[in-house]
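First, one chain by itself in structure tokens, the form predicted on its own.
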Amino acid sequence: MPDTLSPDLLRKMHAYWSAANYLSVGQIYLQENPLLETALKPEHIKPRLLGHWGTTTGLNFLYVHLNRLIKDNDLNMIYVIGPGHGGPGIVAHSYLEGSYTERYPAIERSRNGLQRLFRQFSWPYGIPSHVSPETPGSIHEGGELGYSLAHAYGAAFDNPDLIVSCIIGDGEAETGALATSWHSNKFLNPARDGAVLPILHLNGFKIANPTVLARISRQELTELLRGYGYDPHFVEDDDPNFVHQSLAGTLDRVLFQIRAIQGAARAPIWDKRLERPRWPMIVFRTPKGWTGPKFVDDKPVEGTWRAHQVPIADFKSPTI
């Protein structure tokens, strides 16, 4: 089966993802030298480090790919992220797109504007470390985990042209509110409502320990999600080139499924006795802290709970 992404498009999407990741790291760490035009020094680092790295690269990856899907298919789609603590990633994308500077002209698309972007993150009189109302286009904060999927379905009801892509953290999936929200698909009418595409971001760990859904077998997870009424598609690996092609192909397939469900329900000859459809969803399994340091001070970081917040906190004598 041919790759979904051409070599040129793959190169551009990977470069965009890398840029978003760099802007995300810069917000967490840098107060000076935003483009690293000189050798990095301790005084360039913020005195107080706060933020969440572990989920951010996965959120950035999904954002880039959903933008490709929107452009290729002229979609009306919004992006709801349950791990709202991945705020630096969403700010990074809105800055790259230009909407952040449009809303906040002082954050120019220049060296000085980039430094202001970095400094304001988790900074007095700046912006929170979570997605917040100050983020252009934000409708979901995500600081209190568990409500993303309910908000996603709420946005889709009575909005027939809208697709809501909802990223669900695997730690968030353990909350009571989210565990119940899986059943919202029972109330979605494909004839008059929009669609929700749940994407379970399965990176294996929450703040200090493993997540439940990452510790059960793929068969058991599949059976669980099918029991909720979904058709799960799996995208799993740590090689970005493979994941790029796998996710792009999967997104095309699930969009086809969504349109087929809606097309059958909205046809004039629709049989009202049709069974409730099984909506597609995606399980996106990538390492916690993907692309970050694999070891810090001889302790594993990438793919562990240590990547959840700030992977390198001591800049006096770190060993990587």
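We number the residues from 1 along the sequence you see. Not measured: the values here are computed from a predicted model.
Here the subject shifts to the form predicted in complex with a small molecule, a form of this protein not shown in this document.
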Report the residue, out of 74, 102, 158, 144, that has at least one non-hydrogen atom within 4.5 angstroms of the small molecule in the predicted complex.
-> 144
Kindly indicate whether 165, 198 and 280 are, all three, within 4.5 angstroms of the small molecule in the predicted complex, using heavy atoms.
-> no
Any non-hydrogen atom of residue 205 within 4.5 angstroms of the small molecule in the predicted complex | yes
Taking heavy atoms only, is residue 85 within 4.5 angstroms of the small molecule in the predicted complex?
-> yes
If you check in the predicted complex, is residue 89 within 4.5 Å of the small molecule, heavy atoms only?
-> no
Of the candidate stretches 106 to 114, 239 to 247, 182 to 190, 165 to 173, the one with residues having heavy atoms within 4.5 Å of the small molecule in the predicted complex is 165 to 173
